[in-house]
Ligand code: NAP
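First, one chain by itself in structure tokens, the form predicted on its own.
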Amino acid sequence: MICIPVMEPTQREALRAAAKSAVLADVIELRMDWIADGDVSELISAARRASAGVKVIVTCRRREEFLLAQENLPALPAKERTGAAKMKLLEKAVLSGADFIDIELAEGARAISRMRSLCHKRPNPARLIVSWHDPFKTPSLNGLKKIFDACVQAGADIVKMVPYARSLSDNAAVLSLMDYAKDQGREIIAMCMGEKGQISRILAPSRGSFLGFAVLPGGRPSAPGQLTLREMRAFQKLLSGRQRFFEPPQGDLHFVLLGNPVRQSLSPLMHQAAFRTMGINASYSAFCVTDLAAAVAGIRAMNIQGASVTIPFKTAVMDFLDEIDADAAAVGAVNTIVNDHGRLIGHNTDWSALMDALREETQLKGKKFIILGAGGTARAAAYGITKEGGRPIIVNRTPEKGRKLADRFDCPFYPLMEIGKVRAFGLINTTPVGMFPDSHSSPVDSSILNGFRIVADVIYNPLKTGLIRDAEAKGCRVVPGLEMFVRQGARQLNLWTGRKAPLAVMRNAVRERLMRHEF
């Protein structure tokens, strides 16, 4: 569920905001510490008239738990209600039909007990949220657990805990706290405040938080780092049913892989091995994408430092970026995103990685290479061969896509059925044919391989595809996909960190994993 806070400075403005928010959100929160002349009964009635199904939280926050001027949020109203006035207001909210009453742990056991008793006396009981906020820092996980236990012991139906994130790793502590609550069978609302806490706001609902908070476009956020309702809805859709592919950040830097599918990708294994060797406190997660626009928005909102892009988004992602590197623009595909202080820049490391791997085996200038396929990796191969002074020949099962790519690079095109008629020095497969689990398939009949001196495959899982095995049997020099995969990843790391990547470590990490699952 998503909750929109209502915190306009006057009753008149708050009535309009309550009615509007009630239609759009699952829950609204009436922040009576903000609404200077607020009548809680009228506000609840306005919300109910707008939407019979909306739930209403009423709270009156203590000043000590809302000292947020460091992120340029407007200050609280000058006058704060006394403790007695707050209790009277919350009692009125219960009698007026509020669904939830939020009272801070700091109000003390006596006030909380009194409010709990009043909530539960109703024919349709209101639920009591006992909340705790720290506007300056996030305690350790053990510290958070102690505060959670105190909220439970005070009589909370639902515990709410919101600290301030000073680093991305603070999000991990809060997300782990939700697991602690789940193990105890307790409901919790948890997230981090601040720009570095945005990732917890996005992930919390799918990790078990009772609800998340969002603000209407142009509305007044109730805490720093709060996302808009549209952004939260987009992330809910994006993460629905796919949370297992995206884990919370464990370091100060965070990188992701965007693709569909990503289940079999070894990019996380490879990059994490490199980060450990380089002494970089960072994490890398595979993200199965159904909505590319929302995924790119997520990179911006969560301040993710970089991303890898794989099938089927290498071309489509270009429409959502701020800048495209010259080589990536020439290729017409992006496999790497660099987040430069909020400006997303697209690069392509596929073409250079493939050329590096091929140059280990042969000179490229003046030689013809058949390129199987017409997708993003085929574009990279055609660009690289052309740039190295070679001559690409596009061969594809679908003529329309193949001719379009051939026209882009001013090179010949042949349908796949005519590949036997084409003479070339080398063959590069960029199609997914032969990828695990269909590991023994090959995109071409082995009989045509007699005419090639070198055969390359961009597929790295399995280590030796059916095409590579057939080519070895025919006496061809071969370039397995592992080399391109590792080299493109190494170039990504260089773009993200400015440092040379440990190529041997990355290669060994991937090879060892694949050897344990040889087909």
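Position 1 is the first residue in the sequence shown; the rest follow in order. Quantities reported herein were computed from a predicted structural model and do not represent experimental measurements.
The protein also exists as the form predicted in complex with this ligand; that form is not presented, and the subsequent description refers to it.
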Contact flag, residue 398 vs this ligand in the predicted complex, heavy atom cut 4.5 Å: yes
Interface membership of residue 347, this ligand in the predicted complex, 4.5 Å heavy atom rule: no
Any non-hydrogen atom of residue 416 within 4.5 angstroms of this ligand in the predicted complex: yes
This ligand contact in the predicted complex: residue 430, any heavy atom under 4.5 Å: yes
In the predicted complex, the residue from 422, 293, 311, 85 that sits within 4.5 Å of this ligand by heavy atoms: 311
The single option of 374, 282, 286, 299 touching this ligand in the predicted complex, heavy atom within 4.5 Å: 374
Interface stretch in the predicted complex with this ligand - options 274 to 282, 201 to 209, 376 to 384, 93 to 101, non-hydrogen atom within 4.5 Å: 376 to 384
Sequence-ordered residues of 443 to 481 touching this ligand in the predicted complex, heavy atom within 4.5 Å: 458, 459, 460, 481
